[in-house]
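The chain that follows stands alone, in the form predicted on its own, written as structure tokens.
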């Protein structure tokens, strides 16, 4: 975990630049540099003052652990009627999170599932124009509050995806163009709209097919900023060996790894013979005491494994609560009645306990200096009745001068 922490030799000086010698200072961590994420879907009503909003207690639970919110930009729900996107509500939600010190990610810009019905029947060139316009609009409209995007989601299966009940035009576009050209479209349009955004290539497929696609994209000169890996473990915890093997295979490209969609169950596991997770729909899927204890143990093991790998830059757990959880599975860290499961407390004990520096009292030396060692992130320093900001941005040792007054 040495790659997750650093040391700053800080010096405090007064308004005139004179060192504050032999003074008491209090150092307190304020944020993690690492992206501990969760979806923020539940809080769209709350941020917009709408009926049916979750209780404030649920928001408090979210904010006490997580610092990065993923918001839903699924095209079918975001723009069900052409030319009338849900920009205002999503923007208010993004602002709600940023006002509370959180980072915001948009998911996804291009995906073959959940496409709007009005795309059907358009010519292929019209579909392409609509996709390009949609990417440019969303990335530009949210450039000040959304700084990371899943630029394209699940491109491995995209050209061959079959759904006879709901045919979609994104698959038709990807089939006509090919995967790499479709990915290029998504990344180029998003990059043009916001050159500073972090753009992620995201997929649930961790087979060699995804590796081949990444290699083809990179060889084609498409710049991607991070590789997204989904880890929905509805059929059981992967374990350290499998997780590390996957991380090593994708870390070889020299790009940051984002674990974009992570779940662990606190109830019965999905049968192993199920190939498409969407096919398993039991009438009831409750959380159980035994499952909750297993989930708590596994979430600690999983997060420790991920943070120990230097390529991993972000983890997004897919859902705070069982209410409305994907596939109806007991995958949340909070029960449907709003009470935290053991997994919630276990994760909080890591993020805000073991991996967090509490308020610590130090004393400056004759040069006004004092060492601060801690996890990468932002810190507040209080001295002589004033406060200053301190950042630990990289492993190893750096220096910083804090002017008070």
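These numbers were taken from a predicted model, which means no experiment stands behind them. Numbering follows the first chain given and starts at 1.
What comes next is about the form predicted together with a further copy of the same chain, which does not appear here.
Only one of 153 to 161, 119 to 127, 288 to 296, 271 to 279 lies within 4.5 Å of a further copy of the same chain in the predicted bound form by heavy atoms, and it is 153 to 161.
Within 4.5 Å of any heavy atom of a further copy of the same chain in the predicted bound form lies no heavy atom of residue 242. Interface residue remark: residue 215 is counted as part of the site for a further copy of the same chain in the predicted bound form, having a heavy atom within 4.5 Å. For residue 211, a non-hydrogen atom is located within 4.5 Å of a further copy of the same chain in the predicted bound form, even though that partner is not displayed. Within 4.5 Å of any heavy atom of a further copy of the same chain in the predicted bound form lies no heavy atom of residue 309. If you check a further copy of the same chain in the predicted bound form, you find no heavy atom from any of 76, 82 and 84 within 4.5 Å. Contact annotation: of the candidates 327, 180, 114, 140, the single residue with a non-hydrogen atom within 4.5 angstroms of a further copy of the same chain in the predicted bound form is 180. Out of the listed residues 184, 304, 232, 147, 184 is the one that sits within 4.5 Å of a further copy of the same chain in the predicted bound form by at least one heavy atom. With contact defined as any non-hydrogen atom lying within 4.5 angstroms of a further copy of the same chain in the predicted bound form, the stretch 287 to 321 contains no contacting residue.
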